[in-house]
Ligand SMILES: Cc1cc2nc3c(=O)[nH]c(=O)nc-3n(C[C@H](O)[C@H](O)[C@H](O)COP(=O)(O)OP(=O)(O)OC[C@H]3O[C@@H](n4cnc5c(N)ncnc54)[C@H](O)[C@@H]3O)c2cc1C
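First, one chain by itself in structure tokens, the form predicted alone.
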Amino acid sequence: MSTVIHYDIVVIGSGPSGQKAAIQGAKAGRHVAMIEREPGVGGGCVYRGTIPSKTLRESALQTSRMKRSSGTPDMPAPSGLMVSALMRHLDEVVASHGDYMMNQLTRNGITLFHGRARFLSDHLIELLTVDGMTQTVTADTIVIATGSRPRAPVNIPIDHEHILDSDSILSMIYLPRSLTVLGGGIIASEYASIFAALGVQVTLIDRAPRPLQFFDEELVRVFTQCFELEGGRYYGGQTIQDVRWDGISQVVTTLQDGQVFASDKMLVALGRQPNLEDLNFSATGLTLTEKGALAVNEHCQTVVPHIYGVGDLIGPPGLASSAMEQGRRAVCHALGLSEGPSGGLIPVGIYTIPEMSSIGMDEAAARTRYRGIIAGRARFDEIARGQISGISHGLLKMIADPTGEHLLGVQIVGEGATELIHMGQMALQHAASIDSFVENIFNFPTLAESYRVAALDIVGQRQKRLSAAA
């Protein structure tokens, strides 16, 4: 038995939430160790999720722009050459980001162990390394950040060659001519729109009547229109009866209503499940929710007070940005440091083509809570920057309270949405008025000018109400 090493903080998992937890602990002067089962650091975010998919998305956008600028938008992409170039660029970005995260851990003096962790007690963790050696560590505070993996439905034979999940989709060595995507959530919608922009015939199938059910309906309608303009098709309200590889060249999908779809490849994106099975929770007293996630309070603290859970394994929202903040806040709470204002105001960024983003209340939520809310809109094709850039689809929507004076939320679909949303975020955090968007001068021409146009729309509706009431 090796010597037991004690740390102030041990973090299990090196994804976005684990990394920020470890760095917060190190910056507070604590002795911190991180345990990661894979060779590199960064977790699924760097190697299979956020970074690869967004890199592929950027390549798809560039390809789409090139086709449009050449005047041949229907020209098929040269699949073999394209995939090799896409994957080479993707590998370069992933390697670069992994190195960056490793340098951050080293610079902050964090000890990194590679191996599989399992609890021996609520303070004691056994680490099994790749060469079969064991190491045992204890800690005053333990942060579990082991992330999640694609859910594998029992009735769909995922073989990672013809029928893929969101981890194996990027292992393709050539671009398929056709792709069926099962699911209507963020991952399904993002990959469906990316491959459609690359010239692949994409069929998106889901049980819900529209994709992204949790998101503003008007924005999703714009996204769906753009997806279909790229040649994609959405089949909502459907139930899968059977999926099979025909043994020759096609994945055949049969729906319960009798429709049959055949495609070169299939992506199954029907949710994710937490990576918790191997941690031996029975030694700790930790509890899981009905959905198999780790139960935590508002500080990401479990029922065992010195153990915290952060990131995908505690459930929604499952965003890298919120996971990072959970890691930081969890360690601040453990060390008795200020966590800062509540992290409840989280922007949602969806990297579809076009991208979408939201902060605060959407129109439906605001109408449920208030009577007579006012929604102001600015369409990108009516904004000078949008016209200059050839952006034909895009919408910024501001939601104001019934007086038309106070901002409740912002929703955006279109190029730059995930960047533009932060202006709305700052406005909500500092209770900026609708009029402040009118009174400030925006650079011209910019897409940010959309905020002023939408605010003017609200002011106009407000004045009409006041005139009608006078």
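Numbers for residues come from their place in the sequence shown, where the first is 1. None of these values were measured; they are calculated from a predicted model.
The form predicted together with the named molecule is left out here; the points below concern that form.
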Partner proximity in the model of the complex: S358 to the named molecule, non-hydrogen atom cutoff 4.5 Å: no
Would you check, heavy atoms only and a 4.5 Å threshold, whether Q241 touches the named molecule in the model of the complex? no
Are any of the heavy atoms in A334 no more than 4.5 Å from a heavy atom of the named molecule in the model of the complex? no
Contact of R272 with the named molecule in the model of the complex (heavy atom, 4.5 Å): yes
Within 4.5 Å of the named molecule in the model of the complex by heavy atoms, the stretch out of 407-415, 436-444, 420-428, 49-57 is 49-57
The one residue among G318, G185, G98, P176 placing a heavy atom within 4.5 Å of the named molecule in the model of the complex is G318
Of these, A192, M266, V310, L396, which has a heavy atom no more than 4.5 Å from the named molecule in the model of the complex? V310
Of 106-122, which residues get within 4.5 Å of the named molecule in the model of the complex if you count heavy atoms? G115, R116, A117
